[in-house]
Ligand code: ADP
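We begin with a single chain expressed as structure tokens, specifically the form predicted alone.
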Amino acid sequence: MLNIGLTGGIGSGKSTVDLFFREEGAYIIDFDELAHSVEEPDRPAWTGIVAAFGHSILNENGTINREKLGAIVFSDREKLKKLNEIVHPAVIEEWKRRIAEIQKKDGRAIVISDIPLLFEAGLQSLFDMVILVHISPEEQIRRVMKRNSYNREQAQNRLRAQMPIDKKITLADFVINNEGTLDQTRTIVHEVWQRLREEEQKKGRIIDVPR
């Protein structure tokens, strides 16, 4: 099995790249989806978040209002750090469980885990390789403003909460430029996928010699 981390800045189009990798045959684990799962009412992460940020961040049905919570943490680095300290351990445990399920099902799987804050959280050591989905910072701002109906200041606050995307380039094994057309991105994904298959085959041929 090949274990790949995929990251990028906000608005970079990771979900689109995930879709293209899924079409190629990858197993996709979305850390945002895992975070939603561990933040469901009365689960440990939910309890910790409510204790730290109060009941005012809850919807009427008890679920966390992510817009309200985001408005708090993305304007205060210490509060964002506190949120990550609550959520990340629970997410990692759920991720490990899903990895184990995939490995049991398919020992030659290529698993791609979509993690927005992979480098910020120092998770590189969990993966065989890391893929970065890259667009320019200005394009990030434009896309986030359009997607979330944010003003420029709100979009910039979201970017400031992450490591600048250009600094991530040297930390990644593969960089996918996602500023072109969908067909161009799909072509790049296909080329990277061929490289990943080669790496998985090499890894599959490694034989542990007893010592």
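These numbers come from a predicted model, not from an experiment. Numbering starts at 1 and follows the sequence shown.
We do not show the form predicted together with this ligand, though everything after this point is about it.
J.: Using heavy atoms only and a 4.5 Å cut-off, determine which of 201, 15, 187, 194 is in contact with this ligand in the model of the complex.
T.: Selected option: 15.
J.: Just to be sure I understand the contacts: of 147, 160, 43, 152, which is the one whose heavy atoms reach within 4.5 angstroms of this ligand in the model of the complex?
T.: Checking each option against this ligand in the model of the complex, the one that comes within 4.5 Å is 147.
J.: I'd like to know whether residue 171 contacts this ligand in the model of the complex, with contact meaning heavy atoms within 4.5 angstroms.
T.: Heavy-atom contact with this ligand at 4.5 Å: absent for residue 171.
J.: Any of the heavy atoms of residue 51 lying within 4.5 Å of this ligand in the model of the complex?
T.: No, residue 51 is distant from the partner.
J.: For residue 61, is any heavy atom within 4.5 Å of this ligand in the model of the complex, or not?
T.: Contact with this ligand, no.
J.: Would residue 164 count as a contact of this ligand in the model of the complex, using a 4.5 angstroms cut-off between non-hydrogen atoms?
T.: Looking in the model of the complex, residue contacts with this ligand do not include residue 164, since no heavy atom lies within 4.5 Å.
J.: Spot the stretch among 33-41, 53-61, 172-180, 152-160 with residues whose non-hydrogen atoms come within 4.5 Å of this ligand in the model of the complex.
T.: Contact-bearing stretch, as computed: 172-180.
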